[in-house]
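Before any questions on how it binds or moves, here is one chain, the form predicted on its own, in structure tokens.
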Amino acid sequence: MEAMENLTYDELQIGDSATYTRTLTEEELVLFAAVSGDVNPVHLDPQYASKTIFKERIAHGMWSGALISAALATIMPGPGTIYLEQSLSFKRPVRLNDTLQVRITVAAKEPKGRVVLDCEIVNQNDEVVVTGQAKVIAPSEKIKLERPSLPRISIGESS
């Protein structure tokens, strides 16, 4: 199993950076709609989406936000991080099969274990799709653990 290890507040330095990569699949798009309850037809209905400015279905903006959350929770600072704030600016649509890379960089360290991180997400063409900033409470104790195994979830009719 893959291990996850955090960076504590004391270990983090301004300028430290990390990346997290994920590809948007049809299944993830539909599952995100199911979990969030956001069934806007621009995400789910190809015919409707074809008549929008995007000309095709696009991802939920908060799917990108969830990728930032995953990067903070699993990569840097990592396990034990407490998410406090997030600003997001959506620059380009995310389309099915886009591969996104989240880039997080320590921008400031504040009292009481708080860390401000600049966040940028780019697609496979290195086009910026989201920018923002997060504030977290970084872990004060070192943690190393195995990445949990998640159940496989599929979409389809139950029999």
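All figures in this text were calculated on a predicted structure; none of them were measured in a lab. Position 1 is the first residue in the sequence shown; the rest follow in order.
Quick note: we don't show the form predicted in complex with another copy of the chain, though the next part is all about it.
With heavy atoms only and a cut-off of 4.5 Å, decide whether S149 touches another copy of the chain in the predicted complex.
Judged by the heavy-atom cut-off of 4.5 Å, S149 is in contact with another copy of the chain in the predicted complex.
Is there a heavy atom of V122 no more than 4.5 Å from a heavy atom of another copy of the chain in the predicted complex?
Looking in the predicted complex, residue contacts with another copy of the chain do not include V122, since no heavy atom lies within 4.5 Å.
Report yes if any heavy atom of A34 sits within 4.5 Å of a heavy atom of another copy of the chain in the predicted complex; otherwise report no.
Contact with another copy of the chain, yes.
Using a 4.5 Å heavy atom cut-off, state whether E28 contacts another copy of the chain in the predicted complex.
Within the cut-off, so yes.
I have S17, V94 and V116 flagged as a candidate spot, so tell me whether each of them has a non-hydrogen atom within 4.5 Å of another copy of the chain in the predicted complex.
Answer is no for this spot.
At a 4.5 angstroms cut-off on non-hydrogen atoms, which residues of 31-56 are near another copy of the chain in the predicted complex? List them in order.
Contacts from 31-56: L31, F32, A33, A34, V35, S36, G37, D38, V39, N40, P41, L44, Y48, I53, F54.
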